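Next up: just one chain, as structure tokens, the form predicted on its own.
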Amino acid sequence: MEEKLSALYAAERARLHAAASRGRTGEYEAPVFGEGPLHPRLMLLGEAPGAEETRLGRPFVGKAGKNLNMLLALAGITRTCVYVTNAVKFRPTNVKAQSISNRPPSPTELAEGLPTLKDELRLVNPSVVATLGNTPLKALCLLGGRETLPIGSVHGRMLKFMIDGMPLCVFPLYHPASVIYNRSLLPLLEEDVTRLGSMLNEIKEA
């Protein structure tokens, strides 16, 4: 499976390199792929890498990553036991005269990454996928042929998806970066992650 996953990432790297010539703004030449053990109890699925992730070539190592590590520790979840990845494997950017900033992936960029995400889910084969924010939740809804679910209505709940014949347990969470801009979300996010940790312990015991 590791060889198949490496081949999948190599193919996505080649696709993104080819996409770099289409006039879009994004760091296509430096994709960031998932890391962690195969067949984990938990996969964390984010939106896209940011500047620090792109620089280091690893997912969730910037400010949002620090918040994520804090939340995982609160829930008793060891990060090295978790597979961490993003729905979109490159950093989408807004380029201005004096600055480069992150932006959400466009609908086209998200859709183009869905085949790789579907195969990644099958190869990693997690017991539970926790989506971090609206974009990865939307990606799974698209893969499952479901109407897009708003994070505000379904966060902290275990949902059942079926993606290409593959049953999937999905646990939506707010993005760890959301508390940087809205501190009032922190207690809610802590509560949801703690609930996730309890559910994962039940899966382990079962």
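None of the values given here were measured: they were computed from a predicted structure. Residues carry their position along the shown sequence, with the first being 1.
Below, we refer to the form predicted in complex with a small molecule, which is not included among the displayed structures.
By the criterion of a heavy atom within 4.5 Å, L168 is excluded from the residues contacting the small molecule in the predicted complex. The small molecule in the predicted complex comes within 4.5 Å of a heavy atom belonging to N86. In the predicted complex, at least one heavy atom of G46 sits within 4.5 Å of the small molecule. Though the partner is left out of this view, A139 does not reach within 4.5 Å of the small molecule in the predicted complex, counting heavy atoms only.
Heavy atoms within 4.5 Å of the small molecule in the predicted complex are found in exactly one of 139-147, 54-62, 160-168, 34-42, that being 54-62.
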